[in-house]
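Just one chain is shown here, as structure tokens, and it is the form predicted alone.
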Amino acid sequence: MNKIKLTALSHTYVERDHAVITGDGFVNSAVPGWSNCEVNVVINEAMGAKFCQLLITMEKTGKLVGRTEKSQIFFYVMEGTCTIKTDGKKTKLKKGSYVYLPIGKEYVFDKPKANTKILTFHKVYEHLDGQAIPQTIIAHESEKEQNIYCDDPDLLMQNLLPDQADMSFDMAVNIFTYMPGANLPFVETHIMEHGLIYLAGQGIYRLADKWYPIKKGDSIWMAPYCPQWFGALGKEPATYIYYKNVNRFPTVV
């Protein structure tokens, strides 16, 4: 008996104010200066977002060469190892390492282990009078303390960038961990925009008036004011790394 392959099925959903991107429909994009790697554009301006989220898979000969211009870039190593050269220094990166490059920085990522996966967030930098442009950051998630969120010890937050502690930053990147059975204490509705990818676990996400099963590897875009809520399911913690815009005036009027 011939098996029918149902190629029209997908678990990806794109709505006006949110999207769930599961990767079953990824198509490679060529990026100037980035060679021997697969680049998947997960979130960007074409869908209504004001930032960009990429997922990069590097071959053993892969190389990322470029210079940040109007946009700052945050890199996070999800799997594997590689080396970055910036500011005249070389640093070895491993799973959990991250790099923040402000505008005007040249960079080279090379010497990767085959199938090294890197997540990136890109945002046009908004200058603030009286504040200097942030400096380059190269660090590892293990260096950041897990803080209790909303007085619930089953909700743990790591701030990888200074967030509100440094007004020169206009973007934040956090890692949020939910213990099994934990959930957000309320439905959030706010001006901040989010992009995220799940690093572990599974659960149910409410976005606007819809409910989605979510698991490791899935990405989500949330526009400003999209109602959002998450509850972790299963026997292991659910963890995601996410972007948000911060520290700038909420109006241009």
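From 1 onward, residues are counted along the sequence shown. The structure presented is a predicted model; accordingly, all values stated were derived computationally and were not measured.
Heads up, the form predicted together with a small molecule isn't pictured, but that's what we're talking about next.
Participant: Given the stretches 110-118, 68-76, 88-96, 178-186, which is the single one in contact with the small molecule in the model of the complex, using a heavy atom cutoff of 4.5 Å?
Facilitator: Stretch 178-186 is the one.
Participant: Consider the chain as shown here, without its partner, and state which of Asn44, Gln228, Thr57, Gln202 has a heavy atom within 4.5 Å of the small molecule in the model of the complex.
Facilitator: None of the other options qualify; the answer is Gln228.
Participant: Within 4.5 Å, heavy atoms only: does Tyr125 come near the small molecule in the model of the complex?
Facilitator: No - in the model of the complex, heavy atoms of Tyr125 and the small molecule never come within 4.5 Å of each other.
Participant: Looking in the model of the complex, any heavy atom of Met222 within 4.5 Å of the small molecule?
Facilitator: It does: once the small molecule is placed as it appears in the model of the complex, Met222 has a heavy atom within 4.5 Å of it.
Participant: Taking the small molecule as it sits in the model of the complex, is Lys216 near enough to touch it, meaning that at least one heavy atom pair lies within 4.5 angstroms?
Facilitator: Lys216: no contact with the small molecule in the model of the complex.
Participant: Is His190 a contact residue for the small molecule in the model of the complex, using a 4.5 Å heavy atom cut-off?
Facilitator: Yes, contact at 4.5 Å.
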